[in-house]
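Only one chain is given next, in structure tokens, and it is the form predicted alone.
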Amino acid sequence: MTTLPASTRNKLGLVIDLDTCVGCHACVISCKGWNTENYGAPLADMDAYGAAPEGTFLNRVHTFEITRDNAPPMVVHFPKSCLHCEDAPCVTVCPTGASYKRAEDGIVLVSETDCIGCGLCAWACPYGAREMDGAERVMKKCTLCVDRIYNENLPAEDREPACVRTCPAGARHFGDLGDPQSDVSRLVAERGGVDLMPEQGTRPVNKYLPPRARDALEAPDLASLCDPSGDQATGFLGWLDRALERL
């Protein structure tokens, strides 16, 4: 089985703001595009318009409606990809060493030439963040766009994961979560960032910023706005009468 590094020099990862994400799926599309055209083997789409379509995505967005007592309902869009865990069970369960965690930056990757498609890593991952490519029969996962973040041929502003660069709402942030003074670490501290499923003990590097509480708006009495009773119309009809009188 594969061993994890005792420590990593940096802890590169994502901070995702659930309060800001609008569920547009731009991160899903940009991730699919970049990783199909550049890193590794293309992400397959099979029988896309048939009875049993199958596609490989490294990032997905799930949408939930949340209702709580004495609070207005709210919709939360929840992006999910590999969390690059410090204690990554997908790595330690791999029989060939294809899954590994880099000591220099903490990114968890898959060597596609060594992967035998056994699926053990997908079984071990508690987050469902790995996908078997139906065409290549190898495991695929988020790479944090390693071919972008270190690519000096790209402009400095493009040296971040495609999903972060594309997000129109600014809900995704990238940086070194091992540095308490980094922008992402400060953001986590200020907003109370949390781990996904901390009870699993995987110590994910990626963090989520919880959605803020929504303001409760008092709904107006719409019937009273259109009440025509009485000598003098009030509400909306009263305003309309006065406006028409001026014509």
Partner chain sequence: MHPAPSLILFTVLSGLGFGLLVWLGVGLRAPTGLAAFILFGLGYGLAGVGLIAAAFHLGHPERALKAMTQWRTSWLSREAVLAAAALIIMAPHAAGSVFRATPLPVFGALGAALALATIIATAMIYAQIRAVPRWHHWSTPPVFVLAALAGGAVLAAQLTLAAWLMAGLGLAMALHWREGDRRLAASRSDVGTATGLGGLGQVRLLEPPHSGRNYLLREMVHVVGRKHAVKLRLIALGLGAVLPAALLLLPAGYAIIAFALSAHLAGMLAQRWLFFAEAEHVVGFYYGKR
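Since the structure is predicted, the reported quantities are computational estimates derived from the model, not experimental observations. Numbering follows the first chain given and starts at 1.
What comes next is about the form predicted in complex with the partner chain, which is not displayed.
Asks: Flag residue 177 as yes or no: does it have a non-hydrogen atom within 4.5 angstroms of any non-hydrogen atom of the partner chain in the predicted bound form?
Replies: Contact check for residue 177: no, nothing within 4.5 Å of the partner chain in the predicted bound form.
Asks: Counting only non-hydrogen atoms and a 4.5 angstroms cut-off, does residue 200 reach the partner chain in the predicted bound form?
Replies: Contact with the partner chain, yes.
Asks: May I ask you to check whether residue 181 falls inside a 4.5 Å heavy atom distance of the partner chain in the predicted bound form?
Replies: Output for residue 181 is no: heavy atoms all beyond 4.5 Å of the partner chain.
Asks: Answer with yes or no whether residue 130 is in contact with the partner chain in the predicted bound form, where contact means some heavy atom within 4.5 Å.
Replies: Within the cut-off, so yes.
Asks: Give, in sequence order, every residue of 56 to 86 that has a heavy atom within 4.5 Å of the partner chain in the predicted bound form, or say none if there are no such residues.
Replies: 57, 60, 61, 62, 63, 64, 65, 66, 67, 68, 74, 75, 76, 78, 80, in sequence order.
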